[in-house]
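What follows is one chain in structure tokens, specifically the form predicted on its own.
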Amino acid sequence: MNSAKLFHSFFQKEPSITTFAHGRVNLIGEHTDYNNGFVLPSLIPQSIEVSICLREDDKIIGISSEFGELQSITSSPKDGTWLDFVRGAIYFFQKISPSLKGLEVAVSSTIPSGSGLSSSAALETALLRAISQLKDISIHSQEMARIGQQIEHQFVGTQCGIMDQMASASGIFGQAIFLDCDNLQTKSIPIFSHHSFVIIHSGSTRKLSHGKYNERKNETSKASAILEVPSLRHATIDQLIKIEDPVIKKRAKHIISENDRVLKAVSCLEKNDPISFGELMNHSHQSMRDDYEISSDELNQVVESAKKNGALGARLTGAGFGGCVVILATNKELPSVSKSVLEDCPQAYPVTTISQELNS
């Protein structure tokens, strides 16, 4: 059921507006965004849709197709439910439009939660789009992304970078978004014409705010302080000798090498070199598995199966600790690669495919 039908069924009236935002898959560049580095995401067809009406009081009444009915007030503290996102969106919009009060909201989603495909950012973007249109407020995609990031920081508890919000707010289908997280400059690059990326869920999910995400961010902050740089974006591999703590050194090694891989991956797209791109994906997963330690047995199993069965490259995508793997293969071999992975990994399931052919 889409959000408009859900809204009508629950509130017994039509919503004032319905908007949506897509999830994303990160092709390469993991955990680099909160280190002001480089990332290369792409939109996926799956999306989150929201339908809303404004209220004259400070109540938030919500219905979600996945998480059910909830009620709260705008000034109540965060409680770990999906209404935290709504509460955060209202809080930041009230700074622009103080007349904004409560909301009635219905949410539907085709993005698997806990998959690493940015359902949170899609919800934030969809909410911000809906409220801005209802209040007739024009917000640039960069500003929308910044607000979405602040909702995560202040109301959800995940100290995320800005990649997910920027991808959801400004992405183009069938293209990769080369994003410099230091200055938010973006460049859209068409993906390979005869190759596709398939996203397969490993079968294990995770909750970022209860996981190791914030711990990794703190570890890279320690590395930046030791190296006396504003962020690891400005560090080099040669500087790692200055870090004595073996764990902090490994974390910094991943971020520095991953930034380099993103720059090389952009060059591969521009030169139509999918073979080298796949090798970079493989090196990225190895780095996340061994140096950043954010993989899992299920993720590793999907990656190894994909490589064994003819994929050019495979890596976990998203924050890790569960979620999805993104796999690069020729369009001709993609069905057999996917079939073999699903046979080898019975807990896994297909999510979507990113392709110029499928998105044209």
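In case it trips you up, residue 1 is the first one in the sequence shown, and so on. None of the values given here were measured: they were computed from a predicted structure.
Just so it is clear, the following notes concern the form predicted together with a small molecule, a form of the same protein that is not shown.
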query: Options 27 to 35, 322 to 330, 295 to 303, 60 to 68; stretch whose heavy atom lies within 4.5 Å of the small molecule in the model of the complex; finding: 27 to 35
query: Residue contact check: residue 160 to the small molecule in the model of the complex, 4.5 Å heavy atom; finding: yes
query: Touches the small molecule in the model of the complex: residue 41 (any heavy atom, 4.5 Å); finding: no
query: Contact flag, residue 93 vs the small molecule in the model of the complex, heavy atom cut 4.5 Å; finding: no
query: Distance check, residue 313 to the small molecule in the model of the complex, heavy atom within 4.5 Å; finding: no
query: Listed residue (155, 213, 192, 82) with a non-hydrogen atom within 4.5 angstroms of the small molecule in the model of the complex; finding: 213
